[in-house]
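A lone chain, given as structure tokens: the form predicted on its own.
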Amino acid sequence: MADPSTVSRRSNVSLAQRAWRIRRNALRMAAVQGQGYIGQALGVADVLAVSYFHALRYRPEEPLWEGRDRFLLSVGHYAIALYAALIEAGIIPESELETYGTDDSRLPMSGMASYTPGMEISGGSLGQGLAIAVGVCLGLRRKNVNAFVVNLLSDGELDEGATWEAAMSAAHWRLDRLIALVDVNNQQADGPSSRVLGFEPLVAKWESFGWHAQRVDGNSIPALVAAFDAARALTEPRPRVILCDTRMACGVDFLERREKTHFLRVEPDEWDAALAALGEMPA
């Protein structure tokens, strides 16, 4: 559980409400460009809400605080999702939401660490994030900084050999402050991830690489909270992975039903419909 003194928290705002706000922020940003990776943003909103408002230690007013937990976005094209969370966390002003993807914006369509507060790495080259997370963990260990490193990667990145080299290295170095989150949405640019390159059995595979593995419904906030708590409380000296089965475009039913949701182009009148489909903020 994050130390409340280090996290921006509005009073009486639940994790479900945080996730709703993150989805709403993402839809408002996508409407600026009329297209984007909104399916992924809606799908991982619950994962990000639990990460930023339950699990991570950080100071919104001091994004480079040395003692912070690091959240590394391996999938750079999920940037719209992370921006939505960083806005909700108070790290990025909400006033910048309307600048998404425009010239001179701090919110480019693919995440760039040099531009955006709270963006720890530039993750456009897929399959590299977990290796970077291993390096960050080793660096923090040398500096005696007792912080967690959380790395969000996609199931498509499991096609990459570098991901499994990093997984092997993390186990070798007993990186017990590393938590990998895998967005298992079974969707990538070339079609269903499982059809492009079969990746099951995921739990057994990660365990065989020396990781503590859990698999949960990535759109269930109670399941995610329990998984994060278990991962942080584990005393065994090995890395942890939480495999999150998510639904692309979760929360907007007519987008969920689309056959291809990896990159969505939405008609201008549909953005208002998407916001309406999201419904009222949960009580």
Partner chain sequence: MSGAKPKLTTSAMIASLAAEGHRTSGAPFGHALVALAQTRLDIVGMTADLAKYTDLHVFAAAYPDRFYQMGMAEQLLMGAAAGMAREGLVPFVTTYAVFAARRAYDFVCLAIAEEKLDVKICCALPGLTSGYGPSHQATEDIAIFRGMPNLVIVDPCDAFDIAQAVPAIAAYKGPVYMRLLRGQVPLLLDEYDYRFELGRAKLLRDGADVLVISSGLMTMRALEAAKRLEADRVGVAVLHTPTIKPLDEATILEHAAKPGRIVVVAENHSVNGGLGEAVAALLLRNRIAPPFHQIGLPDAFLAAGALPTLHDRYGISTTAVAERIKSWL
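Just so you know, these numbers come straight off a predicted model, no measurement behind them. Numbering follows the first chain given and starts at 1.
The same protein also exists as the form predicted in complex with its partner chain; that form is not shown, yet it is the one meant from here on.
Trainee: Heavy atom within 4.5 Å of its partner chain in the predicted complex: which of 89, 213, 121, 158 fits that? Just give me the one.
Mentor: Comparing distances to its partner chain in the predicted complex, the residue within 4.5 Å is 121.
Trainee: Consider the chain as shown here, without its partner, and state which of 184, 171, 140, 109 has a heavy atom within 4.5 Å of its partner chain in the predicted complex.
Mentor: It is 140 that has a heavy atom within 4.5 Å of the partner.
Trainee: Which is the contacting stretch out of 132-140, 204-212, 95-103, 188-196, given heavy atoms within 4.5 Å of its partner chain in the predicted complex?
Mentor: That would be 132-140.
Trainee: When the contact criterion is heavy atoms within 4.5 Å, does residue 76 count as touching its partner chain in the predicted complex?
Mentor: Contact with its partner chain, no.
Trainee: Is residue 146 one of the residues lying within 4.5 Å of its partner chain in the predicted complex, judged by heavy atom distances?
Mentor: No, residue 146 stays farther than 4.5 Å from its partner chain in the predicted complex.
Trainee: Using heavy atoms and a 4.5 Å limit, would one call residue 84 a contact residue for its partner chain in the predicted complex?
Mentor: No, no contact at 4.5 Å.
Trainee: Check residue 166 for me: does it contact its partner chain in the predicted complex (non-hydrogen atoms, 4.5 angstroms)?
Mentor: Answer yes; at least one heavy atom of residue 166 falls within 4.5 Å of its partner chain in the predicted complex.
Trainee: Using the arrangement in the predicted complex, list in sequence order the residues of 107-128 with any heavy atom within 4.5 angstroms of its partner chain.
Mentor: Contacts from 107-128: 112, 113, 114, 120, 121, 122, 125, 127, 128.
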